[in-house]
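Next up: a single chain in structure tokens, the form predicted alone.
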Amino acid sequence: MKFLGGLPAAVMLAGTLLATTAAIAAPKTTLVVGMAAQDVGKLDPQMAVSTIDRTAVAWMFNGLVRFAPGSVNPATIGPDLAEKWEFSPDKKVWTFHLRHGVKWHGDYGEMTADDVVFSLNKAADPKRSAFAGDFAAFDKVEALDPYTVRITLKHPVPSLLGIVTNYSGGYIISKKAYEALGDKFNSHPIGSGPFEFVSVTPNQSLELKANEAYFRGSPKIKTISYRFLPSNASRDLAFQSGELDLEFGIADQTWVDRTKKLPHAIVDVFEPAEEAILNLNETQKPLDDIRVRQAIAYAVNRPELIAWQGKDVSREPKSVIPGGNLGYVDAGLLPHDIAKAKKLLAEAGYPNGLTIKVIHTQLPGMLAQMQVVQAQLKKAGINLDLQIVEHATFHQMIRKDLSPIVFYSAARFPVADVYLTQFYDSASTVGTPTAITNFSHCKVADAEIHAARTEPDDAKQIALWQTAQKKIVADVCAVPLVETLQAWVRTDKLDYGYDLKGSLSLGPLITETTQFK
């Protein structure tokens, strides 16, 4: 037998075969995701408002409590950074007992009550949070010891756990990291979740790696490449070629039907439904005239929008908050009627129609929806002059009250108070110190929205929410368009580790159990 380098050739060959077999058998550990985006926006989770950002921050951060992975049902809320909690009989004082040994990403040490106090106070600060209005009922947040936090409310709220869950302002961040990084925290976030920030290459990708010290265990996925691919066609081709393992889809029946036919593809359509609404600024001409607002409402053809998007991915709204919310009611939306729309415009002094300049996002799905609405309104003589901007710029501009009509698509924690407060409470009006997303400057239902928050009787509380919805519809603060479910596609080799029925981050949660089969 011939020897090679002192070893028999047969031994060398066997070793090579074993190494090759091991390499073939080794599981894939890099997840490549394609997102419909030009770039990432803000990765500070309490400032992340777009789907692009929300999806990614959910992989990096935790709340005091969390929805069970794959669920948006409040009944599934359970422990996250807090192991247990209790509350006073009047539900105004809540005490949370934190996990011991939770590590921040990088060299920022252990998560303690000081981080929780800092995070929730920051979340309540409109200068440092996009969700400050959610925390209006907070009186004080205190660290009783390194692992115990007490929250005292000014008055009971419909769902305190919904405010401190792993969503929006409820994410907990590292105080030390935020103070050290300053403005850089927006682009270099430090969390405690299963994945941690590595880098961002503008207009290309966000790179993450596994948090090997994650308190629920080391993730099976070791790296995530979150790639920015605004073109629907480019994302689809990248998925078909195997370049992507997971793709942000198109909430369109044709796309769903076509994609389901691809080999090794699983299309996930899941809750929550985002309700797309035209928010009409009642303080700006010509929208200060209710007849013009009514004309827009009559010109919108919701059944046509459903037919355009498809029955699997959309449904017709009946109110100014999404269906499935506690307190939802059929609020009596105005039906499609072009003749009535034209008559109202003429009565308002616009017999030959009118033109309104509208700022809108270039995000493909939202742009396509708006273009359908644009065509519908044109039939009534209402011309929308769309000023198309990049998605992050769109969010900045509409929050400066620069567009008289704001197309906004959103899902929120599924209790009527949250959506009503953020979009229709005058305290949430954009351009004010307590601004959230009241783009219409609506104030007609303030009394009911405020009263419902502290109403102890469940039936009376729901009745107040329902009255608020009917008032908002009657005043035409906003025109509901369509409720759209989330649609993503993944390779059949990707196992989330749970049954995906819903995700408030609007994208699949990638957890420590997610893996390739």
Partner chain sequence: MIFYVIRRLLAAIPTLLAVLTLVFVIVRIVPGDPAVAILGDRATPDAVAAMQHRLGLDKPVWAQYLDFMGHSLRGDFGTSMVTGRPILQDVGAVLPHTMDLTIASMLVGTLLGVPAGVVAALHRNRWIDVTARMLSLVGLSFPVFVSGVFMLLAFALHWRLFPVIGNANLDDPIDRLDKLVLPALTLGITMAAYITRVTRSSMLQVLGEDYMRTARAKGVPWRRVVWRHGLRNAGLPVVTVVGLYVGILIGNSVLTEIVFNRPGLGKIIVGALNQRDYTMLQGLMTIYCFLIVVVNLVTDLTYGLIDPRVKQA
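From a predicted model like this one, the values you see are computed outputs, not experimental measurements. Residue numbers count along the first chain shown, from 1. We call the rigid core the largest set of C-alpha positions that still match within 1.5 Å between the two forms.
Heads up, the form predicted in complex with the partner chain isn't pictured, but that's what we're talking about next.
For the options Ser218, Ser426, Thr393, Thr76, the residue carrying a heavy atom within 4.5 angstroms of the partner chain in the predicted complex is Thr393. Between the partner chain and the residues Pro156, Gly353, Gly323, Pro126, the one pair within 4.5 Å by heavy atoms in the predicted complex involves Pro126. Considering the partner chain in the predicted complex, the lone stretch of 485-493, 49-57, 66-74, 464-472 in range is 49-57 [heavy atom distance within 4.5 Å].
Contact check for Glu455: every heavy atom lies farther than 4.5 Å from the partner chain in the predicted complex. Within 4.5 Å of some heavy atom of the partner chain in the predicted complex lies at least one heavy atom of Asp39.
Within 4.5 Å of some heavy atom of the partner chain in the predicted complex lies at least one heavy atom of Arg227. Using a 4.5 angstroms limit between non-hydrogen atoms, Glu86 is distant from the partner chain in the predicted complex. Here the marked residues Gln204, Ser231 and Thr437 all reach the partner chain in the predicted complex, each with a heavy atom within 4.5 angstroms. Residues Arg412, Gln422, Thr432, Pro433, Thr434, Ala435, Ile436 are the members of 410-436 with a non-hydrogen atom no more than 4.5 angstroms from the partner chain in the predicted complex.
With the core held fixed, Leu402 shows a CA shift of 2 Å or greater between this form and the one not shown. Core-aligned CA deviation for Thr434 between this form and the one not shown: 2 Å or greater.
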